[in-house]
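Given as structure tokens, the chain that follows is alone and in the form predicted alone.
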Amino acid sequence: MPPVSVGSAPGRVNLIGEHTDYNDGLVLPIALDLGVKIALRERADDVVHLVTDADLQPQEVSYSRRDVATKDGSWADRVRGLTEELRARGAEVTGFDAVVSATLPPGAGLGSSAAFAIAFLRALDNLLDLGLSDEVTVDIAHRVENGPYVGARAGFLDQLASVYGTQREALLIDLRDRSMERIALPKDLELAVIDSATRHDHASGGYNTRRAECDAACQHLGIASLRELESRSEIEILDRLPPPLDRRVRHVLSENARVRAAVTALRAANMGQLGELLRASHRSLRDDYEVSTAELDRLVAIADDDPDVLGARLVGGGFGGSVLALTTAGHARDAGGRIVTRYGAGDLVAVVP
């Protein structure tokens, strides 16, 4: 019997810095103790057979490698994209059986798609001895996410966080050059990560629309990236832009500033200041970027009303997904339980670190 090859990768919670990554901005993710695991076994034919225990439909998919170009709209399309990208790079990818197990809820704004892709690439790398570096793995996973098989115009945040992130440090990533710096988490910091039980779909939802709006703002201002605006007067910039492009740009510029301020707060262990930054981030995502929902706003309001919560915001791309709530050490689990009870749905999926 052919040997089994295994690959795994974690999800992430982004402490602050949403919708900045595809604008060459700053992000601050933390890896989760939740993720995706792939077990592969090579087949003698060209069939790809996929089975999962994750909350995905259908839970079993098969297709022939000869028909790989035929998308079916299921989660198998991401596998098609990965194997075709490897083939385009010269790899000989045969048929295989794959068992996909996940502790990370899909569609919850916690990087499940990137964790899936990274875990799959690691399993295929082990199976076929491809010699993929971390950098190449990130690039392939991102290319597939943005390519014809998936079609989400996402940045590099999730892939970089899944490959390089750790559970007890925040990873400051500058997407202008992909430089990274590890920021130690204060001993007194805890985060409750709460799934709202509402789902997003980056490829078909408003995410791509927001990216197109940022592109339109760049064209209007004659720049390649919104990051180029940092040294210019915000009033001058926004006055030149029509609605809603002015609000989209204001969010990106202010969110980059909040990431920098959050790093300062982490280094000073200033939990109160960090909480205020999280609250400001949510207001900006709600009002300027318009990616929140009634459910997320209600969940954040409940969290902010809890006596142990210092600040809360939606996390991830929005349009559903999760929120995070900042507490001091030892209080996140109880606070998360109270928030879920008052909300009447959802789940406390993680306590960080």
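Residue indices: 1-based, along the sequence shown. Everything numeric here is computed off the predicted structure, so don't read it as measured data.
Not on display, but discussed next: the form predicted together with ligand GLA.
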### Message
Each of H19, Y22 and A154 within 4.5 Å of ligand GLA in the predicted bound form, by any heavy atom, yes or no?
### Response
yes
### Region of this chain that lies against ligand GLA in the predicted bound form, out of 228 to 236, 179 to 187, 97 to 105, 157 to 165 [heavy atom, 4.5 Å]
157 to 165
### Message
Is P29 part of the interface with ligand GLA in the predicted bound form - any heavy atom within 4.5 Å?
### Response
no
### Task
Could you confirm whether Y149 comes within 4.5 Å of ligand GLA in the predicted bound form, counting heavy atoms only?
no
### Query
Can you check whether Y207 is within 4.5 Å of ligand GLA in the predicted bound form, heavy atom basis?
yes
### Query
With the cut-off set at 4.5 Å between non-hydrogen atoms, does G320 touch ligand GLA in the predicted bound form?
no
